[in-house]
Structure formats: C-alpha cells, structure tokens
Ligand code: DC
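Next comes just one chain, in structure tokens: the form predicted on its own.
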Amino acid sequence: MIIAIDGPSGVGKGTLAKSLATHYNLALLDTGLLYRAVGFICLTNGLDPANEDQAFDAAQKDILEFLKDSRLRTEDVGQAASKASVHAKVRAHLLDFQRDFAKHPPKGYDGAILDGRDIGTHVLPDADIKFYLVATPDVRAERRFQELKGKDVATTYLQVLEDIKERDHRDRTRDVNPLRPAENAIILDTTEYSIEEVIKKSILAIEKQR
C-alpha cells in the first residue's frame, strides 16, 4: 500500500504520517526534509536558495546525510527550503528518489507513506490513498509557535503567522507543481480536531477504500 499526504505547514502531516506508518507497517519518507536539506546546504555554504542554479548545486550534494539533523527544523531553513522548492531543476532532481522509495521501500515494510506538498498530484499520482490536510492559518501558526517555544526558539506568534502566510503564497503560486489537493484526495480539516481524532478519521477512510 502506498499513501500520499499533502498540505501546507502546521496541519499535522508529519504526525499523521508517522502514526499511519506505524499502524500499517509502512516505510516513511518526509519529503519536506529533502528540500529542507537543500535549504540547509544553501544557508551553510553561502548559496542563495532563490537562485535556481545555486539551489540545484546544493541538491546534488549527499542530502541523505542531513535528514536526521535537528537543525533542519528551524524557521530559516524552512523558508530556504520553500524558496529552493520552486525551482524545476531541483524538483526534478529529487523526484526520482521519492518515486523509487515508494515503489521499492526498505525490506520488511508493507508499503510506503510519503508526506509533502505535491505527493498526490505529481510525485505519486497513482498512490492507493491520498490525503490533503488543511487548517486555518491562525491555528497552524499557534501550533508552530508553541512547538518553537518548547524548543526555546526566540520568535513571536505574529512572526510565525507571517512566515506561514508567506510560505503558503509561495507554495500555492509556484509555476512547478503548486500546492493543491489531488482530484481524488480525501480532504481532512484539522482545525478543530485533535491529532488522535485525525488519525482515527484517516484509518476509517483508508479501511473504506481498501
């Protein structure tokens, strides 16, 4: 079984993906980390993620070695990743890796689950199950703000909200595979639901389609 989960930041994609991966014994790939690794490499090597050639140079590095680096979760790396992800050459370079992971998951798994922003529409258009998560910007900002506060990251709610709105606009208006739900995606609004409720709804939806 292959599951695709899409949606903007702060909707709970990662938490849902981890839970479903455990429940169904699926190999998990957070595709956003691939782009965050590219953004991180840009920032640490004096490259401009908004410049396609420089971002492409970063994408050709061994990004897998950075995927478990906690520094990928910072806001500046997230913004750099969003800037790098608009480039066609960068996206094409990372596309094959994502598709190969889904079609040939590591040994011992019963499939794969990928979360990102264009998984159901472009990376895995033939995925067995597609989810698209949404939530209001203010709720997403509050979730992200509390997460950063717990990590002692100096920021404000208003700054986080502005960053989310800026990233949403960039992701939804980019020329290459913009953020949008697949036609056959299951839409889940997580604004007023706990993660436990979202997980339960997701499992019920999967079982109906299996």
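Counting begins at 1, following the sequence as shown. These figures come from a predicted structure and were not determined experimentally.
Below, we refer to the form predicted in complex with ligand DC, which is not included among the displayed structures.
Undergrad: Which one, 63 to 71, 31 to 39, 147 to 155, 46 to 54, holds residues whose non-hydrogen atoms are within 4.5 Å of ligand DC in the predicted complex?
TA: The contacting stretch is 31 to 39.
Undergrad: Classify I113 as contacting or not contacting ligand DC in the predicted complex by the rule of any non-hydrogen atom within 4.5 angstroms, answering yes or no.
TA: Flag for I113 set to no.
Undergrad: Would R140 show up as a contact with ligand DC in the predicted complex if we use heavy atoms at 4.5 Å?
TA: Although ligand DC is absent here, R140 would stay clear of it in the predicted complex, with no heavy atoms inside 4.5 Å.
Undergrad: Even though the partner isn't displayed, in the predicted complex is G78 close enough to ligand DC, meaning a heavy atom within 4.5 Å?
TA: So G78 counts as contacting ligand DC.
Undergrad: With the cut-off set at 4.5 Å between non-hydrogen atoms, does H122 touch ligand DC in the predicted complex?
TA: No, H122 stays farther than 4.5 Å from ligand DC in the predicted complex.
Undergrad: Out of 146 to 167, which residues reach within 4.5 Å of ligand DC in the predicted complex, heavy atoms considered?
TA: The stretch touches the partner through R167 alone.
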